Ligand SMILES: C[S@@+](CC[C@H](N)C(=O)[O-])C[C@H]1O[C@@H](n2cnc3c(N)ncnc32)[C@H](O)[C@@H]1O
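Before any questions on binding or motion, here is one chain by itself as C-alpha cells, the form predicted on its own.
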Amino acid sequence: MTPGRYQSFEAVAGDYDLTRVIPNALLAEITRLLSREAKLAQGGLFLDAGVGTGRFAAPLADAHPTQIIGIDIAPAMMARIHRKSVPGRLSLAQADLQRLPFGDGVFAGVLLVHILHLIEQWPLVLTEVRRVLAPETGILFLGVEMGGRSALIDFYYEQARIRALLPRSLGAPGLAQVLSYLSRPECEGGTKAQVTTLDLPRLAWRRVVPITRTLEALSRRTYSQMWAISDAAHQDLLAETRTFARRTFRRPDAVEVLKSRFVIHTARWIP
C-alpha cells in the first residue's frame, strides 16, 4: 500500500506550545499514569508517535532515561524539545507513522495525541502501531484534550463552515470512528482491541487567555484547519472575528476562562 498524505506543523512549530497548554503539574500526572499503565518501571521502551515539541515525551524521558523514543515528520517541532529534556535521555527520529522504522513487538506502550486526523491513511498507522507493540502486553494510548475552545476560534470556524471554506478532514473524521475501528475484529488474526477510557477528574484544568493572544494566533493561522483557506478569505474571516470580539467582550484587555480536561483511551490486543 502506498502511504497517504499527511499534514505537518513544521511552519507553526514556534507557536505550537502557546496554543496547546497543559499545566506542568498535570503533564507530570499524565506521564505518571502512562508510565504506570505501560509498566515502564520494568524497563520497557515507549514510543511517542507524533512527538511534536515533546510535551509528553520530555517528562517521560526525565523519569525513564533512554527508554523513551519520539518520532515526527516535522524537524522544526522536534528541534524545540532540547529546551525541555536533558540531551541523551530522549531518542528522536524523523519518521513517517505509516511506516514505523522499528521491529515487531518492541514497545511496551505507544502514545498518539491529536495526530490521526492529519493522516489520510490513519488505519495504516494503527496497523503499524499494533505491529510494534509487544504482543498481549503492549498498550496503545490515545490522548485527547477535551474542551478549552475559545469562543473566538469557534466563531471563526463557524463562519468558515457557513461559507464552505473548511476542507474535509484529511485523516480520521473523529475519535468515535477511531475507537469503533479499534473495536472491530481485524482481518489478520480475527482479534479486536479491548478499549477502555480514563476520564479522571484530576486531569482537568482551567486557564485564562487574553483575547488578544487568541486573535494573534488566528492571524498567524496556527491551527491546521485554517491552512487550506485562501489568504483573501482568511482576512475576511479574521475581520469578522475581530468585530465579533469587540461586540462580545467590549474591552480589548478582556480574557476568556477556558476549561479543559485530558482523556486517555487505551487499546490492548489480547487473543
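All values reported here derive from a predicted model rather than from experimental measurement. One rule holds for the numbers: they count along the sequence shown, beginning at 1.
Although it is not shown, the form predicted together with the named molecule is what the next lines describe.
> in the model of the complex, which of the listed residues (142, 129, 77, 139) lies with a heavy atom within 4.5 Å of the named molecule?
Replying inline: Exactly one residue meets the criterion: 77.
> Can you pick the one in 160, 97, 178, 193 that has a heavy atom within 4.5 Å of the named molecule in the model of the complex?
Replying inline: Filtering the options by heavy-atom distance leaves 97.
>> Even though the partner isn't displayed, in the model of the complex is residue 46 close enough to the named molecule, meaning a heavy atom within 4.5 Å?
In response: No, residue 46 sits far enough from the named molecule in the model of the complex that none of its heavy atoms falls within 4.5 Å.
> Hey, in the model of the complex, does residue 115 get a heavy atom within 4.5 angstroms of the named molecule?
Replying inline: So residue 115 counts as contacting the named molecule.
> Are any of the heavy atoms in residue 198 no more than 4.5 Å from a heavy atom of the named molecule in the model of the complex?
Replying inline: Because no heavy atom of residue 198 falls inside 4.5 Å of the named molecule in the model of the complex, the answer is no.
> Are any of the heavy atoms in residue 50 no more than 4.5 Å from a heavy atom of the named molecule in the model of the complex?
Replying inline: Although the named molecule is absent here, residue 50 would touch it in the model of the complex, with heavy atoms inside 4.5 Å.
>> At 4.5 Å between heavy atoms, only one of the stretches 33-41, 228-236, 213-221, 66-74 reaches the named molecule in the model of the complex; which one is it?
In response: Going by heavy atoms within 4.5 Å, the stretch is 66-74.
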